[in-house]
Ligand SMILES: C[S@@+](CC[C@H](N)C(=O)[O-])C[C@H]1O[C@@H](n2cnc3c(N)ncnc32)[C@H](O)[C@@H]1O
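Listed next as structure tokens is one chain, alone, in the form predicted on its own.
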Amino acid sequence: MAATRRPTGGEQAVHPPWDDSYRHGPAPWEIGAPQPSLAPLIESGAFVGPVLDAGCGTGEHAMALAARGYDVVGVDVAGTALAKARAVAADRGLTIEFVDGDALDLAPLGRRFASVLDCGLLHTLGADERPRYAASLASVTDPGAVAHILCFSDLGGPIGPHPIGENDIRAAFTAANGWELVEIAPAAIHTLIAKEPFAARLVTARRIAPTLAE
């Protein structure tokens, strides 16, 4: 499904495809555990299965969810990351479906999800791609589903690569696209490239029936 996709805005900015980030050691955003801003949500039962982990990478968040009994599907375009995720999940005795798929075109999955987790995918998309992504998520969820999204922020500090503003988020997750924004809260993203975490936002969006744009 992802074989013929167009590179995302983030990929075009840094040039190599996302898969290259995983070929020679861990990618900068792979810290070997769930992000501290998302871990409390996973541990507290904020998700409802089945869960879509969009842009799952090597699968730490998917595995944390699966370890708590959730039915999880991880989707990514980076085959190297998916191979590592499958191997680690098998070692941990976890059953997780990891799929090579394009987050901008999720309908071919043929699956429905009650929750979405996105750690670091939204901010890699260009302005024209973010509304498509929100619509793609809507295509595999029903009204009542909830998405939890962690993305780099343009406020606070330090500022990470590909930061996006609150208006960018609101322009993507609209009622016309089938989403209602519940909360946009300050958060942080930890990486392997900096001692201090980068400024981030934790977005909570609820799936609603799409409405006509005014």
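Keep in mind that this is a model prediction, so the values were computed, not measured. Start at 1 with the first residue shown and count on from there.
The form predicted in complex with the ligand is left out here; the points below concern that form.
> Which of these stretches, 180-188, 167-175, 43-51, 56-64, has heavy atoms within 4.5 Å of the ligand in the predicted bound form?
Replying inline: Partner-contacting stretch among the options: 56-64.
> Tell me, which of Cys119, Ile96, Ala134, Val140 has a heavy atom within 4.5 angstroms of the ligand in the predicted bound form?
Replying inline: After the contact test, the surviving option is Cys119.
>> Is Val88 near the ligand? Define near as a heavy atom within 4.5 Å, in the predicted bound form.
In response: No - in the predicted bound form, heavy atoms of Val88 and the ligand never come within 4.5 Å of each other.
> Would Leu104 count as touching the ligand in the predicted bound form under a 4.5 Å heavy atom rule?
Replying inline: Contact check for Leu104: yes, within 4.5 Å of the ligand in the predicted bound form.
> Is Val77 a contact residue for the ligand in the predicted bound form, using a 4.5 Å heavy atom cut-off?
Replying inline: Contact check for Val77: yes, within 4.5 Å of the ligand in the predicted bound form.
> Tyr70: heavy atom within 4.5 Å of the ligand in the predicted bound form?
Replying inline: Output for Tyr70 is no: heavy atoms all beyond 4.5 Å of the ligand.
> For the stretch 29-45, which residues lie within 4.5 Å of the ligand in the predicted bound form by non-hydrogen atom distance?
Replying inline: Just Trp29.
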